[in-house]
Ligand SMILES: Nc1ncnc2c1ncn2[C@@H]1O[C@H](COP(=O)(O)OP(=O)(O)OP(=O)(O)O)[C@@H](O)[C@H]1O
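This document opens with one chain alone, in structure tokens, the form predicted alone.
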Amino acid sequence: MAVTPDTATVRIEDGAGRQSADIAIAADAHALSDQLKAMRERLFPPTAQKTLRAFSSGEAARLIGVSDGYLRQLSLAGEGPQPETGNGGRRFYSLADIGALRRYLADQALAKGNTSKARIYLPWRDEAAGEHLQVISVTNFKGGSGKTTSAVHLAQYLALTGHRVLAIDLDPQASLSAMFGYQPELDLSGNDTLYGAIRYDGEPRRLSEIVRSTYFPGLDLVPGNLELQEFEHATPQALLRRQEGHDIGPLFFARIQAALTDVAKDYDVVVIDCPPQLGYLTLSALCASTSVLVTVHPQMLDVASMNQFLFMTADLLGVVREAGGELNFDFLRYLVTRFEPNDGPQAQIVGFMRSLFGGRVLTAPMVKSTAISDAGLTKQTLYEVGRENFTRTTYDRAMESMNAVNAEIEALVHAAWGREKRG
């Protein structure tokens, strides 16, 4: 790459001669976009929309918390949604069917006066009991920490276990949106991201107008794209206008929280995939959060980077607090990601973190697994692919780790709601 002194135009040299960098990069972006579109159409024909696989009766029973035999009894008695029957009489349920089964069993339990059992079947939060909307930001400003992988699996796990979940892609790179089948430059237009609800120009959309349903019942999405970056540029200008006496509405750190009030009644948990930088978007997400997960890859460089992230976050949130922002987290946890149990140095770093942070490090680490990376090749998660697509030991090991992590977070959510005390 060279810079022409007279014009300061950045140019890229290739075999065909010199070409302006913006033109070359734009051409590459268009070419890649076309190929990604073609790949998506091959993977998800003919509508290019993702769908979710059916679940075996055994999987459905485990998700609901009953025995497979009990589901069979319900099916034979014609109670609740009926499964599809495959080869050999095997029964399969869609996730929508599993949700309907949850509601049916919860109603049956309530009819018998067993509210605690009904809550197990259908764990929706109870506003009357003071169970507030849980907003979990997944954050780290170092790429490769497993942030998006953690966020998407957590959101899907909570939906699989019966919670009403909203996933928000706050990263302009839109990796979370891609996991749900969106190609941002093709599928989204202006004001289709959270930016549409937090912009300063007096023309924001209600968040309920931006939320999109997904192929994953119980899980909705606010997608992301490059438009989100506008918030980083617009905020300093808005703060300047405020100094000049103009009304800009809520300050930047309160805008996501204000936007969420429009949809709060519809969800139990919001999972926010933050951008890998500590800008206005991330600060606004943290101020809207009731809880925070910091993903950490157990390498010394990553831990050192996290140290700087924590210093910067503390300083900036201190300024926000002095400006009137509320910062009350139900929990702050460090999630060890891409962990290799047989790697001695990694084990030492995890031990070091546990000795330093104690219980703020989640007990369960997310292990590094080819099952997770292979599923990602087709923009799928571990919860979307079937066990038959992998070596069973590899799949089971990855699933056990993923479920352990997410079950621990689910328990923290329920504890924040006070369910441990109420039983």
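Start at 1 and count along the sequence shown; that's the residue number. Since this is a predicted model, take the numbers as computed values, not measurements.
What follows is about the form predicted in complex with the ligand, which we do not show.
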property	result
Contact test in the predicted bound form: Asp171 vs the ligand, heavy atoms, 4.5 Å	yes
Contact of Ser369 with the ligand in the predicted bound form (heavy atom, 4.5 Å)	yes
Thr148 within 4.5 Å of the ligand in the predicted bound form, heavy atoms	yes
is_contact(Gly144, the ligand) in the predicted bound form, heavy atom dist at most 4.5 Å	yes
Stretch from 66-74, 384-392, 369-377, 50-58 whose residues place a heavy atom within 4.5 Å of the ligand in the predicted bound form	369-377
Answer option from Gly99, Gly196, Pro298, Pro276, heavy atom within 4.5 Å of the ligand in the predicted bound form	Pro276
Arg338, Arg333, Arg164, Arg119 - the one with a heavy atom within 4.5 Å of the ligand in the predicted bound form	Arg338
